[in-house]
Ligand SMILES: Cc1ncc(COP(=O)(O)O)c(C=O)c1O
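Quick heads-up: it's one chain on its own, the form predicted alone, in structure tokens.
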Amino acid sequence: MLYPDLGSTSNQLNVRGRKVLPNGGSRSSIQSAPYTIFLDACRGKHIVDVDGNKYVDFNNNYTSLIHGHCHPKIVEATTRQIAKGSAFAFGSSAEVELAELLCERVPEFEQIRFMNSGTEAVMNGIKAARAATGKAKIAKCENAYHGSYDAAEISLAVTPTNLDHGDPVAKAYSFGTPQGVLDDIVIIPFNDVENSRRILEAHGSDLAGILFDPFGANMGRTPPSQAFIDLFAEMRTKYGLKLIADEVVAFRSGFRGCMDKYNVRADLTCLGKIIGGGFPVGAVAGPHDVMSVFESGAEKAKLPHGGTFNANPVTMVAGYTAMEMMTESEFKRINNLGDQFRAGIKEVLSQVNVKANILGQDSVFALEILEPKTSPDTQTRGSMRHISGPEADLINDGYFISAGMHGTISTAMDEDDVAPFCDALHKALKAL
């Protein structure tokens, strides 16, 4: 194919979509210029757009499709469930079964509460920390993405603070964010132990919790240090606050999630993406004493929580099937595959006149191009991603990769995928 092709069906759908949808769609994260690619069908590691172009998918719906697209076992299980019912105003055994599977894997998961998105999971994780402590303030890292809840998106997409000129300040991401929301968020610099300790100490007695992503910035491109995570545990011991681990993406790190790497337990873990088997999902998990904020008895719960599609039986069945297939050996296999991709990319860089950083961990990889500088058109303009340069070259070679040259590996991939991708990347980088 040749991207961009303004005569394509994808572009025609963009033109039609803009008449009835802001920016032509319903997700800021997928909007791109000169137009967004529209898909028609997907299976395994491949996606096919409405113009019939076929790509290897290194986006996998922003890390959520750990088995790729339309895994036969998930299709069979969900089709069977849909025939029995797609939504109930009652419980289902599938909810209990998925909860049992997840709680059996992670020692600190004694109970779990399901919802419908990672954003909802983080929102309820924050609310649970507040309900458990009776305090309002939450600390989070500057530029850390945690979904679109008001409190979670503070100081997102800002210029990193020059600490020589002062500490980070809570800044609104969305216009109209109330000042009261800003007042209750404490911003700390990512992976900076010394300055973060000083800031947390200044607010410690007012903090309900610290919200953090143990996979690190930008879907795992840069992991936090052990010392940074240990600092949070130290603050918990000193001030009685709750550690809220956002493992919406990070849970793909291993059989017991990401915090297992650091040997630090979270009080509340926010989940999503891979635990839904390709369907909308979110969850909050933790020990019973913290999760009890969701429980009601003679009085209402400290944190009342409803939702028409919470623990939807189709999602629960898909999630159970997906996670059951993710054995310890399968996590190890795709994480090793990530090592091979990163090694292959390193070899490509040694062969071309391009200076870049190889980023990522486990089953994700990323390439940060430093020199030669790409043209302004390859950079993000506001919230609109402009596809050109190496990214467009990869598309034209049959590879779809996330913004920022970020790749997500699925179980549908294997060692035979490494060399062809690296050949395409070599050609794209040589063009620079």
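All values derive from a computational prediction rather than experimental measurement. Numbers follow the displayed sequence, beginning with 1.
Keep in mind that the form predicted in complex with the named molecule is missing from the display, and what follows is about it.
Proximity to the named molecule in the predicted complex, taken as heavy atoms within 4.5 Å, picks out 115 to 123 from the listed stretches 115 to 123, 96 to 104, 79 to 87, 325 to 333. None of the heavy atoms of Ala283 is located within 4.5 Å of the named molecule in the predicted complex. Contact between Gly147 and the named molecule in the predicted complex is found at the 4.5 Å heavy atom cutoff. Residue contact check for Asp213: one or more of its heavy atoms lie within 4.5 Å of the named molecule in the predicted complex. The named molecule is not drawn, but in the predicted complex it has a heavy atom within 4.5 Å of Val248. Checked against the named molecule in the predicted complex, the candidates Lys242, Lys273, Lys127, His71 yield a single residue with a heavy atom inside 4.5 Å, and that residue is Lys273.
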